[in-house]
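The chain that follows stands alone, in the form predicted on its own, written as structure tokens.
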């Protein structure tokens, strides 16, 4: 049976938080915020939400893959950030696109872009719609908008087992990619939290990162070549393991967020599916000690698949700890040989930095359950977006933001961001909790990922979050971090992105945009423009 996407929330219809999950969340929040105005307020049915009539009609030649169906337009009206979900639950779908196009090949993509360019229509490329930074939100204004869904392009087209690469269409979701590769014994080894919904084209356009902590974890590392359709022609790079022939055409598309072209397919590097795994959980007296251990592991040359450090509160909320100390989830995997020795070496480094824990199954381990802890965390990790929606319904402000920073600045950034965010929460919400986890570890730095939970003021959630986000974003940039490690820029991060990028590069990007999209058809306002 085909699952239908939820129109006004994360994921699929019918898979929302259960009554038992909502009850548990209510009790947890009530303990921490006893004075909060909690209580589930039902969402406005999307069928009752107002939506303006479409302002344009597709040419007859495009009617086979273009629609102005109400549900299709509402499904493509917003991403899924906290403020998006708040608005969706109130029946506010904003400036829904006038038309949703779902082309089935590059020729049809080009036809949509030609129509948009000739008629002065904005075109927003759309993959899985999981953006949490306003990257797929149709721009408001008098200009009509076509949202171009890549979901008509969703196949694993071919696999080159000799070169260990696969040609995959851009609209394929994570499960579709893996299902297509599994029959050949391969995996892309790319599993973001949005895995079940997000698409290969979206990963490329946003320079996404999977949940693997080390090694090839960014989509940059997995791309062999990219094909995109621009308003002025086809952009397709040659398949090569590496090339020194000038600036990389793929690198310019990676992270371009749909402003230069619509990615239609890519050759990606694949790996044999892992057969051997080993995991453990390590407890630390505090987050700083755990971070020092993560740095030691990153410097050692070991490449754990999971090296995720949770601060005490984060560990408690995710079922990985009791809240008294930080917890590091360590895991290794391989397709060719057991990885127990690597896990033992990493555990030894952790003990050097005050970590406590044993490899499950070791003699004298005392029943350590590192594997079970990792499984509990994984279940919580995949379920979190659904529970986020439930918290929104309860009247809780809950959102995440992330960054990356070099190790020499890590402690200062962590402290400054926690302090600035907590102060902002106290000022605009009266109370709040800020947690942190390290999601990715590199030899030269790490990616801290922050979560905020606070009582929301009904009707003022967007203003509250904007104030908190402003304080956090400023603290991140002031401490030497990036405004985003993997969530992308979209419209929500523009103010900080404009500060972060070099001005000569901004002019070069604008020139590239003008060359391939002279009428500013593609995703206007993202990365560039007003």
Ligand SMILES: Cc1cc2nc3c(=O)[nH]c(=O)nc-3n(C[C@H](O)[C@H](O)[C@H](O)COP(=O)(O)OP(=O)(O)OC[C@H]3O[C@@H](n4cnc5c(N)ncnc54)[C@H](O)[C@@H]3O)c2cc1C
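Keep in mind the model is a prediction, meaning the values are calculated, not measured. Residue numbers count along the first chain shown, from 1.
Omitted from view is the form predicted in complex with the named molecule, to which the following refers.
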Next item on the list: Using a 4.5 Å heavy atom cut-off, indicate which stretch of 232 to 240, 114 to 122, 132 to 140, 90 to 98 touches the named molecule in the predicted bound form.
Entry: 132 to 140
Item checked: Heavy atom of each of 313, 418 and 432 within 4.5 Å of the named molecule in the predicted bound form -> no
Next item on the list: Could you tell me which one of 225, 194, 398, 303 places a heavy atom within 4.5 Å of the named molecule in the predicted bound form?
Entry: 194
Item checked: Contact residue in the predicted bound form, from 355, 103, 448, 261 (heavy atom within 4.5 Å of the named molecule) -> 261
Margin query: Although the partner isn't part of this model, could you tell me whether residue 73 comes within 4.5 Å of the named molecule in the predicted bound form, counting any heavy atom of the residue?
Written below: no
Check: Might residue 486 be said to contact the named molecule in the predicted bound form, defining contact as any heavy atom within 4.5 Å?
Finding: yes
Next item on the list: Mark residue 257 yes when one of its heavy atoms lies within 4.5 Å of a heavy atom of the named molecule in the predicted bound form, and no otherwise.
Entry: yes
Notebook entry, point to check: With a 4.5 Å heavy atom cut-off, would you call residue 150 a contact of the named molecule in the predicted bound form?
Noted result: yes
Checklist line | Heavy atom within 4.5 Å of the named molecule in the predicted bound form - qualifying residues of 201 to 219 | finding: 201, 202, 203, 205, 206, 208, 209
